[in-house]
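Take a look at this single chain in structure tokens; it is the form predicted on its own.
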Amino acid sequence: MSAPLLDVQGLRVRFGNTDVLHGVDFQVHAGERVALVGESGAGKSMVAFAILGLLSAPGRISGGQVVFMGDDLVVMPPKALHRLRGRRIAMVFQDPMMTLNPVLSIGTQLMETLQHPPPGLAKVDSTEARQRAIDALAQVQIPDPQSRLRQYPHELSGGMRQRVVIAMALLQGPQLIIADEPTTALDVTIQADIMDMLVGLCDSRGMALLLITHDLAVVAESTQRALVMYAGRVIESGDTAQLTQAPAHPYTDALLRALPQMAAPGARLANIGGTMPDPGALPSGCAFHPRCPHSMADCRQRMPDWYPSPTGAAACHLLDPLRADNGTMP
């Protein structure tokens, strides 16, 4: 297999004296769709911000590498990293109003992306910029794209605004799109339309997608590989279809059981007892053990190693081949 497009190795992030990412490792290959999954506070968005150099003080990368197309972004000079953002890696945020300026028209914002690029990149004249903006809106299935150029963000629905943000992300032809909960605030039907469109664009353009979400149902429909995070660590990884059918880690299993569609009609929805631990006060051993129905002494005393599983690999003592009852999660 060719070298990965993105290779994250031992990524650690610290805020003040508190570690919030603990040696995250994963790869994304060209054209591949990969998900980072977990509850709020698991560290998913922190991974995205670290990749793009968007951590706010006092946050900082305290260890590891983020190698993109052969370049380590951790040590890349700020100006070079600024040129890379948007052109080679684009970000789609959960709330489109984090990206869109409410007092500028859609056309102005799209065209300025091309007419005022980072230093060192060629500018585009107004005629070409306008046509490329229209083409980008058409590609994200916005009807009558020419008239939309004159509209302002508040005149569009939430789904339309998110389509505009995706169009903006496409303008420079990136190799990788990082989408951070891109459909959470939208109606369920619109969520499916947006994700179908995003997957289709990635496939047609050969772009890779790193999808950050808490929703395993979205992951199952949109990605090829999934990485499950808990308390700043990746705790399971594997083929999405297999992982969502037969998870190896109790946390992944709990996330799946909590999906509304998993409950019988009229039955109470399943939930995961307890809450994500505070990064500054992680429990000993496996961080999930206070919430895990299969917790045992080993879980409380030491971190589990990574073990192969039928779907990929997971960090769980249940999979230890030296245990007589390994792999017996109900």
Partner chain sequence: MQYGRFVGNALRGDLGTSYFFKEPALDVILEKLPATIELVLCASVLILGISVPCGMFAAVRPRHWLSRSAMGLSILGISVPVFLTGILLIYLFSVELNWLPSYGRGLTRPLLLGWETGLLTADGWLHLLLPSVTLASIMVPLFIRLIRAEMLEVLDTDFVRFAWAKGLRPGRIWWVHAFRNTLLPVITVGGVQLGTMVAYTILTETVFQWPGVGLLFLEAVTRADTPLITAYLLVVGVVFVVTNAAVDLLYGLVNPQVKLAQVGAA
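Owing to the predicted nature of the structure, the values given are computational and were not obtained by experimental measurement. Numbering follows the first chain given and starts at 1.
One more form of this protein, predicted in complex with the partner chain, exists but is not displayed; see below.
- Of the residues given (S222, Q191, Q172, Q141), Q172 alone sits with a heavy atom within 4.5 Å of the partner chain in the predicted complex.
- Only one of the listed residues (L227, M91, L211, L137) places a non-hydrogen atom within 4.5 angstroms of the partner chain in the predicted complex, and that residue is M91.
- Within 4.5 Å of the partner chain in the predicted complex, a heavy atom is found for not a single one of R130, S147 and R205.
- Using a 4.5 angstroms threshold between heavy atoms, G159 stays clear of the partner chain in the predicted complex.
- Contact check for Q242: every heavy atom lies farther than 4.5 Å from the partner chain in the predicted complex.
- Residue contact with the partner chain in the predicted complex: F49 places a heavy atom within 4.5 Å of it.
- Contact check for T184: every heavy atom lies farther than 4.5 Å from the partner chain in the predicted complex.
- None of 228-236, 244-252, 101-109, 196-204 except one has non-hydrogen atoms within 4.5 angstroms of the partner chain in the predicted complex; the exception is 101-109.
- Of the residues in 80-95, those that come within 4.5 Å of the partner chain in the predicted complex through at least one heavy atom are, in sequence order, H82, R85, G86, R87, I89, M91, F93.
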